[in-house]
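Just one chain is shown here, as structure tokens, and it is the form predicted alone.
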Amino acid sequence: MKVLVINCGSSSLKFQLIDSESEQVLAKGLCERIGIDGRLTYSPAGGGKHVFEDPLPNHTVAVDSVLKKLTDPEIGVIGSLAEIGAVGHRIVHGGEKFAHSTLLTEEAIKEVEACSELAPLHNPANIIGIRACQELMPGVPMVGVFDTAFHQTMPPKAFLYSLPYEYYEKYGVRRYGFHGTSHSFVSKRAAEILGKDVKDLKIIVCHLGNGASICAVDGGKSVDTSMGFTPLEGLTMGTRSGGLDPAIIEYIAEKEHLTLPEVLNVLNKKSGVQGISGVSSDFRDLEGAAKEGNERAQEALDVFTYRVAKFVGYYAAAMNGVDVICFTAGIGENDIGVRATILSYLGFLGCKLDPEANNIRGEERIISTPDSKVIAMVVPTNEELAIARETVAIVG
């Protein structure tokens, strides 16, 4: 079966067409500036990159443009849309309604819409992508794969906040966690690499990118994760503050004469390593500046690696042990120095870094020494493949 994977944002649409039998990516690309002017980048397997500056006034036109490129006589990879057996949609928030991926019936879509107040920047865009595909591919099964679903196995002691319980009952205020598709894929892949059953392992997955989160995976199930009610909680990130004293919000609002939404904008878009360093949210820029003697850039790196190491310690305690620590996503897969610094804190777990093995970027590899009590690994994530697999399982 050929599966079209769609990841729809407010003004963008990422896509991949995957052959589920070979798991080969037949084509991939990105629609940008939807509703503004429009740009479509399309890359068929083995065919280079094609960029089209076509108007994309809305998501339906964007999806239509993607489908036309996939079936184009010259650069297409399929003869007709009839070859697409299903569409898998990444959906950010499923609340407590969705603990698993699901077939997107009208009833299910209404439930996704009901979760929009928990993810107002993401779920509405996801729904727009679903509706656009339904219009252009009537009868083709649509499957929703939720970032939050993997974390629905967390126990109440992990997901409840220390607030009046009525806020949870009335408004669903609790820890949901995100990056679940990545955490699920990486933990399963780590077990495969090690030749072990994921049910027999305690794994800590460090998904470290511009958005970053850590997940404790015990026996293949998420038991705790660092992101919370929203993706703002947890680690210091590229531009997000991560965890802080809530009283700071009121304090800054009064001192800077800001409204609550304006303070939240600061916490989401002007904080993190960018806010500390004053340089950039890109770790390559930070490391370059730190090497040139920029102390704030170095402090930003120190804060980030320290926070990651602390959360690994938290989750080792939460699971009463850890067998494997995995690094994934843009920073986790590619930043040799960040991995080395984080693991330098974890000697108490018996985790020993092999510097030579760690000298890689974007490759699957064990980076701990053979005598290390805890295995450290780099496992590149592949959320699109995970979505395709989930889609095939549901449709099947």
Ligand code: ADP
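Just count from 1 along the sequence shown to find any residue number. If you're wondering where the values come from, they're calculated on a predicted model, not measured in any experiment.
This protein has a second form, the form predicted in complex with adenosine-5'-diphosphate, left out of what is shown; the following refers to that one.
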**Prompt:** With the partner removed from view, which of 168 to 176, 204 to 212, 103 to 111, 290 to 298 is the stretch that lies within 4.5 Å of adenosine-5'-diphosphate in the predicted bound form, judged by heavy atom distances?
**Reply:** 204 to 212
**Message:** With the distance limit set at 4.5 angstroms and only heavy atoms considered, check whether S11, S65 and K68 all reach adenosine-5'-diphosphate in the predicted bound form.
**Reply:** no
**Prompt:** Though adenosine-5'-diphosphate is not shown, can you say which of A329, I342, C31, I367 has a heavy atom within 4.5 Å of it in the predicted bound form?
**Reply:** A329
**Close approach of S281 to adenosine-5'-diphosphate in the predicted bound form, 4.5 Å, heavy atom** = yes
**Item:** Any non-hydrogen atom of D354 within 4.5 angstroms of adenosine-5'-diphosphate in the predicted bound form
**Value:** no
**Message:** My question is simply whether S43 lines the interface with adenosine-5'-diphosphate in the predicted bound form - judged by any non-hydrogen atom within 4.5 Å.
**Reply:** no
**Message:** So, R361 and adenosine-5'-diphosphate: in the predicted bound form, are they within 4.5 Å at any heavy atom pair?
**Reply:** yes
**Asked** Which residues in 331 to 347 have a heavy atom within 4.5 Å of adenosine-5'-diphosphate in the predicted bound form?
**Response** I331, N334, D335
